[in-house]
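What follows is one chain in structure tokens, specifically the form predicted alone.
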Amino acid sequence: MNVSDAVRGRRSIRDFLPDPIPESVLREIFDAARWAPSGSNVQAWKIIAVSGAERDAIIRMAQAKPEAGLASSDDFPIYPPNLWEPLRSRRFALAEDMYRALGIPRDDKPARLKQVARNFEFFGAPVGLFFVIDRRVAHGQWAHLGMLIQTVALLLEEHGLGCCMQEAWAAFRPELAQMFGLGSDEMVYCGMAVGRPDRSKPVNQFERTRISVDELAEFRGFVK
């Protein structure tokens, strides 16, 4: 698999097979991912991988606080309030495509909330990853963490695995910090569900869209 295939093939997986993922596989992936770009090599990050009883304990914690929903628990919201166009429409369209694939109509709010709650079960994935960053770093280091997360996602793809980045875990940052014994300046940026994708499920099959190259990029100074 080349890089282009991994980039195009990667998608957010929201239904997984229960097959366990060995620690050795994750170690191999992390050994490669640690070479992700890091400005001035500060590497202001940490990954916490959970499986088995540790994963189950986190799920129980989240289920005990169902009112948390997708609201961030601090000053780092998942999305800005009053998301503007065209970002709002893109987000809405993705949600509608996903719920259509799941067979959940727009007016069935209980079913939609139940699907949202599956975030906090890792969508059935056997492994959860949590990406930790120091609150004191600047915006640049947040971008570097994103590079690490993307690198992990592409390496998972190379290994025949799938993932779903889960910023929804921002709703439980204080609880996760306590469970992981994080320092006062450490925070969970996001989670990631990891496992073998269940390719038979429609939620893992619906067509995705992206803006065009002309919408994405401007080319200046090139000779045609």
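From 1 onward, residues are counted along the sequence shown. Here the structure is a predicted model, which means the values were calculated and not measured.
The same protein has a further form, the form predicted together with a small molecule, not shown here; the description that follows concerns it.
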Within 4.5 Å, heavy atoms only: does S51 come near the small molecule in the model of the complex? no
Applying a 4.5 Å heavy atom distance criterion, does L94 contact the small molecule in the model of the complex? yes
Contact between R10 and the small molecule in the model of the complex at 4.5 Å, heavy atoms? yes
Heavy atom of F122 within 4.5 Å of the small molecule in the model of the complex: no
Here the chain is shown alone; which of M165, A44, V188, I58 has a heavy atom within 4.5 Å of the small molecule in the model of the complex? M165
Counting only non-hydrogen atoms, the one stretch of 58-66, 34-42, 154-162, 167-175 within 4.5 angstroms of the small molecule in the model of the complex is 167-175
